[in-house]
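Take a look at this single chain in structure tokens; it is the form predicted alone.
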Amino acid sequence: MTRLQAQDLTVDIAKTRILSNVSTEFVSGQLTGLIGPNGAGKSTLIRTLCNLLKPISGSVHLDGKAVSSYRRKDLARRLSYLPQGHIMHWPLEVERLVALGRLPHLGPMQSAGPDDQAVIDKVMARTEVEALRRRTADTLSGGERARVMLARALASETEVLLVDEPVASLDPYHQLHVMELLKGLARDGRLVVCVLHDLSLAARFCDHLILMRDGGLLAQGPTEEVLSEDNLNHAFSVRPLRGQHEEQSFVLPWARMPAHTNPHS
């Protein structure tokens, strides 16, 4: 079993405290969602987990070894990260962009071989971007770019996948498709962590949730427990609507709380 552990993480950015003494653990075989209001520290936590931000105190360990002690290429073979925003600096063809995900598995000056091409073709099919193969990245819509960048992350075939708001720019069909794909990866034994704002998708697809607010953890555990009315009131200042369809529970943010009961006021 793969384990990614954060212990007492405290992170400052531009002299501002973003995370305060955050401790949590992620394990393979389940899809974990990171949820919380804007500015809660979700993206900072996920960037610290993959060693892109250095905590002022605390540590992150992957299977007992500090991620800060890994060589960059060795960590890239085990952990892949998909940031939000999908900024592309060069007008590469989509297939070449996806192929960049194979770089951690190639030696210096080594070109992708038939096995690498098979992986590239597979992940492009899974993310439904084969028809974009010869398009250049600068001609894609926001949703198309999001799916291409997910394909690049999947091409690394790492055991740990950290994704930050992967459905933010997608239409409803592709939101469901991406969440089904991430759930399937977790079911296949990967360790998958996903930052989400859509509580209905979190409720439906995530096995485990971590609810953040003000740089700390408000709740963590099984999805249904974390999405309690008290937690949602406290974290988001909203009243949820709950229901069940096809033997699955759903949660919708339904109304803002009145000003006199709003914990943010």
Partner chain sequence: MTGGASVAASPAGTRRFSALSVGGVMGWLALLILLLAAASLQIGYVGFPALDVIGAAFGVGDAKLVTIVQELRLPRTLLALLIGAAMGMSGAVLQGLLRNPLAEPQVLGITSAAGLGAVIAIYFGLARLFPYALPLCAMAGAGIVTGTLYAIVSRGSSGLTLILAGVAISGLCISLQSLAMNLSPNPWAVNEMIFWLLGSVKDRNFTDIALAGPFIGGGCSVLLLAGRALDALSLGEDAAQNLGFDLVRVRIMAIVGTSLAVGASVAVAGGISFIGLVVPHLLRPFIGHMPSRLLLPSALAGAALLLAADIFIRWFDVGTELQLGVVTSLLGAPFFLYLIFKMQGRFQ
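Residue numbers count along the first chain shown, from 1. We call the rigid core the largest set of C-alpha positions that still match within 1.5 Å between the two forms. Bear in mind that the values here come from a model prediction, so they are computed numbers and not experimental data.
The same protein also exists as the form predicted in complex with its partner chain; that form is not shown, yet it is the one meant from here on.
In the predicted bound form, does residue 182 come within 4.5 Å of its partner chain, counting heavy atoms only? Because no heavy atom of residue 182 falls inside 4.5 Å of its partner chain in the predicted bound form, the answer is no.
Would residue 121 count as touching its partner chain in the predicted bound form under a 4.5 Å heavy atom rule? Output for residue 121 is no: heavy atoms all beyond 4.5 Å of its partner chain.
Is there a heavy atom of residue 93 no more than 4.5 Å from a heavy atom of its partner chain in the predicted bound form? Yes, contact at 4.5 Å.
Interface membership of residue 135, its partner chain in the predicted bound form, 4.5 Å heavy atom rule: Heavy-atom contact with its partner chain at 4.5 Å: present for residue 135.
Check, residue by residue, if 6, 27 and 36 all come within 4.5 Å of its partner chain in the predicted bound form, counting heavy atoms only. Negative, none of the three is within 4.5 Å.
Could you tell me which of 93 to 101, 186 to 194, 122 to 130, 171 to 179 sits within 4.5 Å of its partner chain in the predicted bound form, going by non-hydrogen atoms? Contact-bearing stretch, as computed: 93 to 101.
Go through 140 to 175 residue by residue and record those having a heavy atom within 4.5 Å of its partner chain in the predicted bound form; state none if no residue qualifies. The stretch touches the partner through 140, 141, 142, 144, 145, 149, 152, 156.
Quick check: residue 74 between the shown form and the other one - does its CA shift reach 2 Å or more after fitting the rigid core? Where the cores coincide, residue 74 shows only a C-alpha shift between the shown form and the other one that is less than 2 Å.
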